[in-house]
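Two forms, one protein chain; structure tokens for each follow separately as structure 1 and structure 2.
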Structure 1
């Protein structure tokens, strides 16, 4: 068993927790979680989501970390070595291939969406210093951005430069240094927005909505949605956590750090809901009695509804800038982890340096991302399977490849690796009942739930 990685090592348990939490915390936590919670019954959805974190998220996260730490290489090469050691077929390398490609595909369009956050942050910063016009028609502003291929390409390129600028410098000088700065900034910005929301007069309504379950809202599709959100919110199935696990010191307790990451990720999602709901209720729903809930989901919530609220609320310009800075930081920490697996594989498998490998991955992802850029304007008429180009790429990567990656990860850790290895990596002092519970979840329960989620996504029920 190797005790270190050629790519470097996290200097501490805290560094790994910050990096892995940064990977998990992204745009999905801060905009997707609030709107799907609104669409799925509030408190009942949150409760089922938390149960799914326990049943699906944690077993796969433990599995990814232990595979990465045992192999000490990029996901593809780690799984090759572990398969050889276990006497299993090298076809399991496909798990690493799927994860690396999924992360690369997600990076290509994630950078485009992250570019929107940079653009809006810039608009609010200009307005704050008196150099820009106020956003009076958020729908027109957002539509104008999407229709401008040149502007989208610029912000997409700038965000990709920000990402490769971190990854190129390696684990200690790049990834660890970046997350040690960015994650505290993210937490502080989120708490500032939460503090403002607590004084809108609608904070109690938001708390009741999120934490007072109405079990009459529970349905089959809602449970499937909760399982999907629990899985995707932890950055599982794309081998990012597996890659970060390769840099984790051998004396760090995997279950303990895994639970900490899941708690931090969940806390960010819940705090985001508590920060966003009161603002929307106070400055959009209350002035418009015909509205009974969040007026738009997905991109519309962030880039149209919230700017409308910021245009009417006190200090709205300042908080608009802080909010989109928050989104940019969250996107940045996630994109770093998306680029790292492919970069690590190139370093191990070619004669390229880390800087050259990172530039190759960034260049290819930026080029592929142009297809997502153009899907909103010059290629807006082009569809693949009834979806625009960006939605089609997202569907293949996030809805198909990630669940497959998570499923294979659980099966590999539960059935291919020996109990001796998994017990050794998780914690030799772990009580037998705890280890047996993880093994049972990883072998049986988690794969079954992932199959249910995939069947629902593919329309089988």
Structure 2
């Protein structure tokens, strides 16, 4: 059994929790969760998403961490090694390959959206020092940003440089520090925003939107989206957490850290939803009598609604600046984990250095990201399966590839690895019923749920 990885190790259990939580908490919680909740009618969607976190997300999370820690290498090579040891086919390496491809696709659009948040942070910073005009019409500000391919490309590039900057120097150094200081500050800002939202007069209504399920809204595509979001928000299904698991010291209790990460991630998404929807209700729904409920917000939701609140709240400009800059940091700690699996693979399998490997990955992802940039302007007419290019990439990567990756991860951990190995990695002292529950969830229940949900895409349900 390997006790360390050639790529370095987390200095402690806490360092891993911080890094993995940094990976999980990001645009998925604060940008994507509210916007897809608005598109899927609220309560019932949120409930299904939470069920997916429990029944699918947690078992896959444990599986990823344990596979990574047992293999101690990049996902593709860890899986090869573990398959060889178990006498299983090397075709399982396909799981690592799917993960690397999904990581590229996600990183490509993720960096574009993170670029928007950087741009907004700087808009507020300029306004704060008196050098920029206030955002008076957020819809117009956002629309003109999207129309400007050059501007989008610049911010997308800047964000990619920030990401490669950390990955090139190895994971532990920059990352641990950034996460342990900045993430708690972001959470405090979210709580302040929540306090503001509670006083808008629309808090109750937002709570019912988020938590009162209207089951008439449930549909196949909605369940697919909810499950895709569960994977996306927990960084599962593309071997990111598996890669981080490879750097985890052997004595750390996997179920305990897994649950901690999932709880923290879910808390951030729910607080973000509770903070944002009262603002949407107060500033967008209430002044427009033709709206009967919360409209589908699209990817612009937070950029078009939050500035309305920032323009009326005390110290709103300063707050807006801090909020968007810290959201960029949250996105940064996630994008690092999107880049790490492919980078670690190149380091192991080619004679490129870590720096060169990271640059290759970043260059490819940046180039691919241009397709998302152009989907808002010069290619705005292009649709794939009825979706614009960025939404199509988002759909294929998050809602299709991540669940398939998760399915293979669960099957691999449940059926290929021996019980001895999984038990040893999970927790030697775990009571037998707890281990058996994990095992059968991972072997049967989780894969079956994923298959049923995925089958609904193909029209079987």
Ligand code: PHE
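This one's a predicted model, so the numbers in the text were calculated from it and none came from an experiment. Residue numbers count along the first chain shown, from 1. Rigid core: the largest C-alpha set superposing within 1.5 Å between the two forms.
Structure 2, not structure 1, represents the form predicted in complex with the ligand. Comparing the forms between structure 1 and structure 2, the C-alpha position of residue 223 differs by 2 angstroms or more, with the core used for superposition. Fitting the two forms on the rigid core leaves the C-alpha of residue 51 displaced by at least 2 angstroms between structure 1 and structure 2. The Cα position of residue 214 differs by 2 Å or more between structure 1 and structure 2 after fitting on the rigid core.
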